[in-house]
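Form predicted on its own, single chain, as structure tokens, below.
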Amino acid sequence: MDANEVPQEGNTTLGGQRKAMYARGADGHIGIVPSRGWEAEEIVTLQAVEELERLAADAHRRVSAGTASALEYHMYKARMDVTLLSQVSGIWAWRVRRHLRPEIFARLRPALLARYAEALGMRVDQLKRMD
């Protein structure tokens, strides 16, 4: 993409900020060009956020019913999925999926809970409950 073709439509999800995009300048070299985003990007971002909010609400109901752990709710509330939480916490994805079960989550060691809490940006006591 040439530098003069970088979208500047605006994207409310960027909050007035600009983002860096790589584009070919007039000299033929690739460089960073500021962009205000574009409408298609905004639509997709809003759809993704709505889906994560729906997943968080579903997880909240399952936690209240005792069929899911609070970890699942907090994961979606933080706009993460199993893969991302696994990468951020350094815990294998299969273990993260296992810890979404309430009976397994209830037996987790404090050190493992601390890793999840740090990855989600909260305290361990907050991780164990839903607010």
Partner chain sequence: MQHTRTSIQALRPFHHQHASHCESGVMSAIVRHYGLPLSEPMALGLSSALSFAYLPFIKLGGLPLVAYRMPPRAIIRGLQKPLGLTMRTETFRTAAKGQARLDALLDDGKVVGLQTSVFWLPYFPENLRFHFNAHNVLAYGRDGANGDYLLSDPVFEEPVRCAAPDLARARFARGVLAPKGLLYYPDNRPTEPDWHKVIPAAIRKTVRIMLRTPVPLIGVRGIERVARAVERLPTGDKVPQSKLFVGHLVRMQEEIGTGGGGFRYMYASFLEEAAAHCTRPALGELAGELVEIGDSWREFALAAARMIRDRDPFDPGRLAGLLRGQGAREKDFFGRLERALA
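Basically, rigid core = biggest C-alpha set you can superpose within 1.5 Å across the two forms. Because the structure is a prediction, the values reported are computed rather than measured. Numbering follows the first chain given and starts at 1.
The protein also exists as the form predicted together with the partner chain; that form is not presented, and the subsequent description refers to it.
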| property | result |
| --- | --- |
| The single option of 56, 63, 80, 100 touching the partner chain in the predicted complex, heavy atom within 4.5 Å | 80 |
| Residue 110: touches the partner chain in the predicted complex, heavy atom cutoff 4.5 angstroms | no |
| Residue contact check: residue 52 to the partner chain in the predicted complex, 4.5 Å heavy atom | yes |
| 4.5 angstroms heavy atom contact with the partner chain in the predicted complex for residue 123 | no |
| Contact of residue 67 with the partner chain in the predicted complex (heavy atom, 4.5 Å) | no |
| Contacts with the partner chain in the predicted complex - residues in 10 to 27 whose heavy atoms fall within 4.5 Å | 13, 14, 15, 17, 18, 19, 20, 21, 22, 24 |
| Threshold 2 Å Cα movement between the shown form and the other one for residue 110, core superposed | no |
| Residue 26: Cα shift of 2 Å or greater between the shown form and the other one (core-aligned) | yes |
